[in-house]
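Next up: a single chain in structure tokens, the form predicted alone.
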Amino acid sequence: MMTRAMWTHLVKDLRIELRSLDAFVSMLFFSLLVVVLFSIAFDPHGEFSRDIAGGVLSVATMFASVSALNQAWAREIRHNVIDAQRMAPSPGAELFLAKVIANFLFVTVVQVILAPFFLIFYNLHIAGQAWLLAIVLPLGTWALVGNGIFFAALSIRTRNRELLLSLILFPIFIPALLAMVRATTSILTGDGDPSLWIKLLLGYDIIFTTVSLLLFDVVFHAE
């Protein structure tokens, strides 16, 4: 259930991003660049395009999202808003969920815009159940964004927080990345059953979201 405080944080982040579109434009540009470069490098066609498209989509989403995650707390630090948020009576978990949902929406919109380019550049014809992508991609995106927001808050006081975020996030995201790639590839090629990888993604999301919610107050209020 979305509380008033969570809704306030969410609307604030959405309004700020919609006014500037800094993070959104950088994500979209970077992900399109990855898609185009890989299509040129591998000259995908037929079965081969379906074999690599899942990995390219997942990697493009991962690297593009980092630019937005690095900016997740930038405005709060720049204007000292973070100190006011720390003194707010609402639980830190509500702020965490609001930022995760906001960034999840941004990344999802980028993926939707990216989909036609994938179909064109990789000559894709989905051999499996295409509707399963509507489950796999949100689960993988939530895993990336949820961990990214948490570790961005963890590295908020460090000098090289952009570098530290990547060093922490990428190794921990590897199981979810693997599941996302394998499930997407299975759906695109029609080979194998993606249900095992979908269950792995779901379990990963539940475990890491729960841990992040429990620990976020400690991390957020640490000096």
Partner chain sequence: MKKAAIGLYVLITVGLMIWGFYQAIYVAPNDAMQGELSRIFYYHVPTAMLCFLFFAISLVGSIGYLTYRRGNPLRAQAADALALAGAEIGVIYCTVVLITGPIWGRRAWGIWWTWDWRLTTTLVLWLIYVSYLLLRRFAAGPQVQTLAAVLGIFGALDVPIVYMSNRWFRTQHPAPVFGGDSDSGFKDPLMLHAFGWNILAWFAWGILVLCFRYYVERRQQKIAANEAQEALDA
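Numbering follows the first chain given and starts at 1. Predicted model only: the values in this text are computed from it and were never measured.
Another form exists, predicted in complex with the partner chain; not displayed. Remarks below refer to it.
- Contact annotation for F24: none of its heavy atoms lies within 4.5 Å of the partner chain in the predicted complex.
- Though the partner is left out of this view, V219 does reach within 4.5 Å of the partner chain in the predicted complex, counting heavy atoms only.
- Taking the partner from the other structure, the partner chain in the predicted complex has no heavy atom within 4.5 Å of any heavy atom of A60.
- Taking the partner from the other structure, the partner chain in the predicted complex has a heavy atom within 4.5 Å of a heavy atom of L167.
- Shown without its partner, this chain lists Y122, F151, W142, F106 as candidates; in the predicted complex, only F151 has a non-hydrogen atom within 4.5 angstroms of the partner chain.
- Only one of 48 to 56, 26 to 34, 62 to 70, 178 to 186 places residue heavy atoms within 4.5 angstroms of the partner chain in the predicted complex, namely 178 to 186.
- Residues of 174 to 212 that come within 4.5 Å of the partner chain in the predicted complex, judged by any heavy atom, are I174, P175, L178, R182, L196, W197, L200, Y204, I207, F208, V211, S212 in sequence order.
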